[in-house]
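Just the one chain here, the form predicted on its own, laid out as structure tokens.
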């Protein structure tokens, strides 16, 4: 069994590799393999996986990429993720990607999907919208239709039909991955000194690049190794970090927060891995099951539209209690309307609640 340090080193190499060598190697291993990229925050990766394709999380270039070309596409005062993503594309670091999905997180990502269609007309590109009404007969029906359209588009990428049995198998695989991701978060809550947040961050981020089966195996390996690791417990403050659900923070920022005397016991990094709060049924109609999971069992964060905001505030307050947190840090990227709006809603909720 590998040591924690070896597992974390492997994950950090994946995180810092802006050529996406692991995904390229996966694609080149067998003729006909396809890779579909997606931007944060949530897309139904089960549909991509069911087509035999690799879902690839594109989280921008981080602080290791100098943005030159990307600055010509967006204003300099907005968050960096769209500009650095354009930089990745223009410099051919994403030239192996066969499709790109842009979820409806904000106007910036919406505009990026349009740019992508013009810049790379040969790549399947879709702006993936989600419902803003959570009634079955309205939002539920709409989302089922949206999922069906996405499935048809992905069938054009992989060159075959995606059957219900394919989807059911993929749903079961991702249910298992979410269970393991949640196990890591629960382990960190119980013993945060054994699972530093910068390690957990790298471990979960590895799932943006690796096949989901390999990522699940990696998490199991980390949990066993971290449990056996002898690490000192410190008298740190337990905090929750919120606001970085789209553009990810520099790794050194996460380390700095912990070095300053905080245990991060919950966060909203890479929400795609924890967006659905319950298992998706693997029997019955898989499209309907995925739609119902989003409508009825998805996380209440600033990244999701909610008419009155009350549920978002309650979700955060509940997380503070569940994780035994002593404080909350809101770390919103520059000009991030969803994160900034969510902060105000939650502050109001806590004030009146």
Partner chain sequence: MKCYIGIDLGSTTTKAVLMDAGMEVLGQGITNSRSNYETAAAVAKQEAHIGARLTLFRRGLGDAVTGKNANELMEDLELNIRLEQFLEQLEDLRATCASHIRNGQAGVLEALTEVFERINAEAPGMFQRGARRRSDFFRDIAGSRVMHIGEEVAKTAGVSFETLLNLYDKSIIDVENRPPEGDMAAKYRRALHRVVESDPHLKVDEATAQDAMSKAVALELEETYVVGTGYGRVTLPFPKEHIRSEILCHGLGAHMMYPETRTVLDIGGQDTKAIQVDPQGIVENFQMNDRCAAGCGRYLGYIADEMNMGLHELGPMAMKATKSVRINSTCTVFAGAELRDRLALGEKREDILAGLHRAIILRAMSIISRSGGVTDEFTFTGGVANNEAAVKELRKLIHENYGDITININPASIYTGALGAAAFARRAVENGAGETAP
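Because the structure is predicted, anything quoted here is derived from the model rather than measured. Residue numbers count along the first chain shown, from 1.
One more form of this protein exists, namely the form predicted together with its partner chain; it is left out here, but the text below deals with it.
Student: Indicate whether the candidate residues 6, 11 and 16 are all in contact with its partner chain in the predicted complex, with contact defined as any heavy atom within 4.5 Å.
Tutor: Heavy-atom distance to its partner chain in the predicted complex: none of the three under 4.5 Å.
Student: Report the residue, out of 288, 296, 314, 69, that has at least one non-hydrogen atom within 4.5 angstroms of its partner chain in the predicted complex.
Tutor: For this set of options, the contacting one is 69.
Student: Of the options 263, 198, 74, 269, which one has a non-hydrogen atom that comes within 4.5 Å of its partner chain in the predicted complex?
Tutor: That would be 74.
Student: Go through 46 to 54, 61 to 69, 321 to 329, 29 to 37 and give me the stretch that gets within 4.5 Å of its partner chain in the predicted complex, heavy atoms only.
Tutor: Answer to the contact question: 61 to 69.
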